[in-house]
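One chain is shown next in structure tokens, namely the form predicted on its own.
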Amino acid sequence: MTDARDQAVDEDVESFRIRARAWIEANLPDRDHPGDDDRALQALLFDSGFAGIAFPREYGGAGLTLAHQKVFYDEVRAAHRWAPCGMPWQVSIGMMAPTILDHGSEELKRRHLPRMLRGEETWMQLLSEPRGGSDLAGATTRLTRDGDTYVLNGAKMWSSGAHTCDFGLCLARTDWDAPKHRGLSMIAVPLHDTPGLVLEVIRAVDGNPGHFCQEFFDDVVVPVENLVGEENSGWAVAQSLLFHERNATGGAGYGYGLQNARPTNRQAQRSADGVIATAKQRGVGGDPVLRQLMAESYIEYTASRFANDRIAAGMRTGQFKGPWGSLLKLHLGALSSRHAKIGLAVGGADGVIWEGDAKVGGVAGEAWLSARGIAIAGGTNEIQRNIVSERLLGLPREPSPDRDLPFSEVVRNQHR
């Protein structure tokens, strides 16, 4: 079996495209009949050198670039083939693995990155808290040093797919007397058979059981070596994680292929093409008002695709520096809600009715119910607007009167 890791690290993109195309055609299943074992398929990608294409060779990657990664998944899509994508791969490999690469110790990187890329381990993030809203820096989950271990107490929620994952990157407070951004640490927490950890699945408003979870930590003991980054530097790690999350969600960075390799049938139905297909099926394609709405949806999705390509190319070449993924994430958050409304208008009653768990029809209704979550995940639309205005446009920061106060005083002030 040909191993891409045996190829020259400086292999040019077009030579790589030819080699990848031949391998894809010979090894990957048709995307309409992918089978049920994504872990085995991810292992095949890894063993053949096509998982972690832009990760360093010493951690199991191919040592190539994000441009090579884009080419590989473009070829997967063009060949109508299947590669593992979506949850949990988009999160584990597109977001968590690059965060470990950025901030993890050498021991963590060598131990876990090859396993993540091969699909032997899946990771996710433990960031949001029941009382925290979108202010991640206000985390009150407590992490206390005890010799060669840390002890974790508190709660997290809205953790996507935690019940199916092996590890979670948990943001917790290690110094209550430091300002809120400077007293946080990030630590990797095992999610299975961990004493003191209770994990519950949240049933979402669209009826989807299992996407979101909540976790309760009661004196959970975690080894010191699981710390990611330095103690009290967790905010920098969290910012890196969110940077990769926004890129992946927006269709750039390490998550490009994992999001774009193959949309699911339900995702396809929620796209602009899906709305047009619904209009034809219902015989309302000639309605002048609905035609305008469908045109709007098509234009927005087309503009989004071009923006994704431009920003992804700018980030790969170094022309775009900074959190450009926030611009893509903001557009996605706004577009999802608008497109859901258009889907409801075009779908009519068929868009909100389904039978039992089969959910025949009802795709527009589901999209509407889940659109708010898209506008929140990875940072709310309001947070993205702040990032774009302050870090990309150079506008003044939003006032933050508690930014330099010891966090213990902030908590006391909130309770008064």
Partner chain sequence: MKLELTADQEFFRETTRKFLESESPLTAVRQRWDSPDGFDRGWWRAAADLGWTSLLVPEQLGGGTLSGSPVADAVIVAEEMGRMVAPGPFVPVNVVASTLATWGSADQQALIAGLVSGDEVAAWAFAEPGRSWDADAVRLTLTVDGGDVVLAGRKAYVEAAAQAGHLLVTARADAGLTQVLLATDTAGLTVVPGRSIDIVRRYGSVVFDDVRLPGSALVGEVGGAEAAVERQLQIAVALQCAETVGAADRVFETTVEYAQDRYAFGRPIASFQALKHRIADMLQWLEFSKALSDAAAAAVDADATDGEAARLVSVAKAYIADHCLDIIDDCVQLNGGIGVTWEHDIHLYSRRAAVNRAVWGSPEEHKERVAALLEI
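Bear in mind that the values here come from a model prediction, so they are computed numbers and not experimental data. Positions refer to the first chain, counted from 1.
The same protein also has a form predicted together with the partner chain, omitted here; what follows describes it.
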- Residue among 389, 65, 370, 27 with a heavy atom within 4.5 Å of the partner chain in the predicted bound form: 389
- Message: Just to confirm, with a 4.5 Å cut-off on non-hydrogen atoms, which of 115, 182, 142, 310 contacts the partner chain in the predicted bound form?
- Response: 310
- Has each of 291, 319 and 397 got a heavy atom lying within 4.5 angstroms of the partner chain in the predicted bound form? yes
- Query: Can any non-hydrogen atom of residue 303 be found within 4.5 angstroms of the partner chain in the predicted bound form?
  - Reply: yes
- Item | Contact of residue 22 with the partner chain in the predicted bound form (heavy atom, 4.5 Å) | no
- Task: Using a 4.5 Å heavy atom cut-off, state whether residue 382 contacts the partner chain in the predicted bound form.
- Result: yes
- Query: residue 280 near the partner chain in the predicted bound form, any heavy atom under 4.5 Å?
  - Reply: yes
- Query: Of these, 310 to 318, 107 to 115, 184 to 192, 212 to 220, which stretch puts a heavy atom within 4.5 angstroms of the partner chain in the predicted bound form?
  - Reply: 310 to 318
- Query: What residues of 274 to 288, in sequence order, lie within 4.5 Å of the partner chain in the predicted bound form by heavy atom?
  - Reply: 276, 280, 285
